[in-house]
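Just the one chain here, the form predicted on its own, laid out as structure tokens.
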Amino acid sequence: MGLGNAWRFPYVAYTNGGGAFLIPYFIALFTAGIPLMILEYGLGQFFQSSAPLAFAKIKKRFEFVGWWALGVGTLIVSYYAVIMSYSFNYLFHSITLSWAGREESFFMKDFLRISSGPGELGSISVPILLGLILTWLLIYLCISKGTESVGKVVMLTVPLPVLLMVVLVIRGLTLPGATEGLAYYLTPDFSKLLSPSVWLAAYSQVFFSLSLGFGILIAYASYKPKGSDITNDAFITSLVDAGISYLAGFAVFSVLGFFAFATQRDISQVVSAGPGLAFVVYPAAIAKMPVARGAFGVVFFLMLLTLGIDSAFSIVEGVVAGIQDKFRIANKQAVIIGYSVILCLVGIIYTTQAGLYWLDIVDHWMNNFGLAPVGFAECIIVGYFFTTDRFRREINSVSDFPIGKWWNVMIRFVTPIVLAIVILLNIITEIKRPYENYPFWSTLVGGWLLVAVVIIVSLILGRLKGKE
């Protein structure tokens, strides 16, 4: 579970057909999500290695795919930590509801001091920088002792956000206007299913939400004993993740329905995406609540933080495992500290007055042109350069229920074909219409150039000889 469940899924579902979006979403889940989840769990557990080394054990020249996955994850966690910094700051502001009555102005002008565009960096925001440093300190503490510390952390950070989300759902459903909000969220618009962008959104959401293509699942699966279950875990993880995303929609849209009711506006005028939803619209709705406004502000941002920290430290753990496997570095804490310091410094660009622009650009390119290509490469490698039947038999030998030859068909044909179409349509869309009308140079630098750098660095690391 992560921030993608809490704010990304409800908005994506609403803008792509409401209740009808569940059709492409579950098709994406069963044609790409679960097959790749089984594949990544299987690779990590079978080879007892991180992503780069697991692919290298299939063929040395494929090691770069593992580094590619970790490179994409690195860029994503670089801005993910800044979103958590926003949440830390808003958790503090929830005590006094500093934003009350001027939510958009507070977020854009007081908090971000947003500039006119990505070329105008301006100054660094000290509160956001301090939140960024605090986030990386917490990430270090969470994984400093490996699975021992991670196990203790997730005992809190997995059930707590679910509990907080249930609290928000219950509270939201008791507010006036909640039913209109839920109707807006769930009313099917089947005409949307004819649009390629809806299917693109479904596959992107599945990849982002399940952390496919990050190298995370391979790293964590490598810590499990070789006889551990695979298919049951993959199905449970995938379906529970989808359920949490769906539940989040009730928490979000019941409150948005109330906000529309309280401000006498049409709900279509109050729905917003990403940071706009979490740091403008939702706080505005909280400020309108009749009682315990500050308490529900704390609950909401505490939920975002507990969702975010799991995703953040899992990405870091995947990269650290790859570095340790490659270069045989025994001192894990030194690797974590070095990696965290470097990414904290990289993250400073997101703390500037143009930070939100760069966050948006990098997020768009990594999600659309980073994760899906890695998933495509995984399918080709396992499907055509590894014995798929043998791999499936290995998975079945340790799993509660066996997977049939449908999995071979998915990995060799269906999933790579679908992902190839998704990638091609994404490229065509980008050529036809510049993303958010940003200047071409900014999308070139923060988008295409970053994708190219990740691939080039991955190829170099894949060719390097590690320590024996």
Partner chain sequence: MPVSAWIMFAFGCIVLYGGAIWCITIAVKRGSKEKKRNEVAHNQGAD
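Numbering follows the first chain given and starts at 1. What you are looking at is a predicted structure, and each value in this text was computed from that prediction instead of being measured. Here the rigid core means the biggest group of C-alpha atoms that line up within 1.5 Å when the two forms are laid on top of each other.
Below, we turn to the form predicted in complex with the partner chain, even though it does not appear here.
Shown without its partner, this chain lists E104, D110, E394, D229 as candidates; in the predicted bound form, only D229 has a non-hydrogen atom within 4.5 angstroms of the partner chain. With the partner removed from view, the residue among W365, F250, F296, W199 that has a non-hydrogen atom within 4.5 Å of the partner chain in the predicted bound form turns out to be F250.
Remark: of stretches 88-96, 178-186, 334-342, 112-120, the one touching the partner chain in the predicted bound form is 178-186 (heavy atom within 4.5 Å).
Among heavy atoms of D400, some come within 4.5 Å of the partner chain in the predicted bound form. Among residues of the shown chain, M289 is not one whose heavy atoms approach the partner chain to within 4.5 Å in the predicted bound form. Contact annotation: I329 falls outside 4.5 Å of the partner chain in the predicted bound form, judged by heavy atom distances. Heavy atoms of V126 never reach within 4.5 Å of the partner chain in the predicted bound form, leaving it off the interface. Annotation: in the predicted bound form, residues W406, F413 and V418 none come within 4.5 Å of the partner chain through any heavy atom.
Shown without its partner, the chain has L239, V240, A242, G243, Y246, L247, F250 in segment 238-253 as residues with a non-hydrogen atom within 4.5 angstroms of the partner chain in the predicted bound form. Shown in the overlay between this form and the one not shown, fitted on the rigid core, is a CA shift at G17 of 2 Å or greater. In the core-superposed comparison between this form and the one not shown, F253 has its Cα shifted by at least 2 Å.
With the core held fixed, L173 shows a CA shift of 2 Å or greater between this form and the one not shown.
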